[in-house]
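Here you get one chain, nothing else, as structure tokens; it is the form predicted on its own.
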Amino acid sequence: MKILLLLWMFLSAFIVRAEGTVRSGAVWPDNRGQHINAHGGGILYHDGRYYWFGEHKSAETTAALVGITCYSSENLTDWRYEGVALPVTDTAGDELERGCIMERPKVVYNASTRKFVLWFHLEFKGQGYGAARYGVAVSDHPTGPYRFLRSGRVNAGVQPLNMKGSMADLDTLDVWENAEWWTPQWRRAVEDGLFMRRDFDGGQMARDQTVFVDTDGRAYHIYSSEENLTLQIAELSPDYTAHTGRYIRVAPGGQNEAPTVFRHGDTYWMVTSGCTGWAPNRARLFSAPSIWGPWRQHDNPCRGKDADTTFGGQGTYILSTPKGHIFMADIWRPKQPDDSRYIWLPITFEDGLPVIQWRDEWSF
């Protein structure tokens, strides 16, 4: 049995890569020979090493039974399991109680405080997706352990920077709160701020999310809000652990989730997906001259087989390296979540626009 295990570990190293190649959709083994379990994740580069944080998925449920895992690598293809960076708890009623939902973790390093800051989407155990909260935790070390600070809604009692008029001007939207969804009039009310106004006092919903650190060191929380109908971009405090109150709405009523953001030159780019549950759909591309917009939508950036379904996946992060940008996505398998696979593809540019071309294999 021991000989068979060693043989499996040897052969598995060639399933996903040989000499640094990436094969999207294949099994990606770690140093133990186990498929990497870090879904919906993001990558932090620090002191010459890459750290991959993601959701630990079990075989039968997408709920969090373990927590947020961490892997590390020097070359982006050979990954070492570093353990659970932020575990669930066994305390009944705790916000991180086993069985809660912890999604799309992203870690950024704050050079001023020398802290590693973890942001993620949190839903309470047994409450579905009704809480729609962010979670934030900190650590002195990239691999953790991370100390949970709080969860919450975003920017309670604060009006978006790009919202015209005053909150009192939106009182006329009251009539649409319990109206039939998807009618033209209801859609217009959503665009005008129906759900932003509804959640104004308690704070804005935050589901699928990412964190982006700009070249000037300022950080931003980008998340799907307003019942997953509108994206929001919120500035983070200097220590990256809270919101400053400055935020904007992006593509109101556009039904975007899974935001991934990068900067190329003086242009900010964002790749998102539509809202079709676990089923893949056509990616969307946005650009802006500033993180504060205005954001403009473009055509699907994906090319090649299954481009209209983002190659069967959904974006989770865009890693920027000195050699270029890498689009990261998950091929979700809700019937067996721990067997969900990964898509990593380089981003190129054609006629000034990002292009994500399918490749059966490629090398860094």
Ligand code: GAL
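Start at 1 with the first residue shown and count on from there. Only a predicted model underlies this, so the values are computations on that prediction, with no experimental measurement involved.
There is another form of the same protein, the form predicted in complex with this ligand; it is not shown, and what comes next is about it.
Participant: Each of E103, Y129 and Q314 having a non-hydrogen atom within 4.5 Å of this ligand in the model of the complex: is that the case here?
Facilitator: Result yes, every residue of the spot touches this ligand.
Participant: Quick check for you: of 274 to 282, 141 to 149, 170 to 178, 70 to 78, which stretch puts a non-hydrogen atom within 4.5 Å of this ligand in the model of the complex?
Facilitator: Contact criterion met by 274 to 282 only.
Participant: With the cut-off set at 4.5 Å between non-hydrogen atoms, does D208 touch this ligand in the model of the complex?
Facilitator: Result yes; D208 sits at the interface with this ligand in the model of the complex.
Participant: Contact with this ligand in the model of the complex for E226, defined as at least one heavy atom pair within 4.5 Å: yes or no?
Facilitator: E226 lies outside the contact set for this ligand.
Participant: Going through 229 to 268 from first to last, which residues have a non-hydrogen atom within 4.5 Å of this ligand in the model of the complex?
Facilitator: Only E257 sits within 4.5 Å of the partner.
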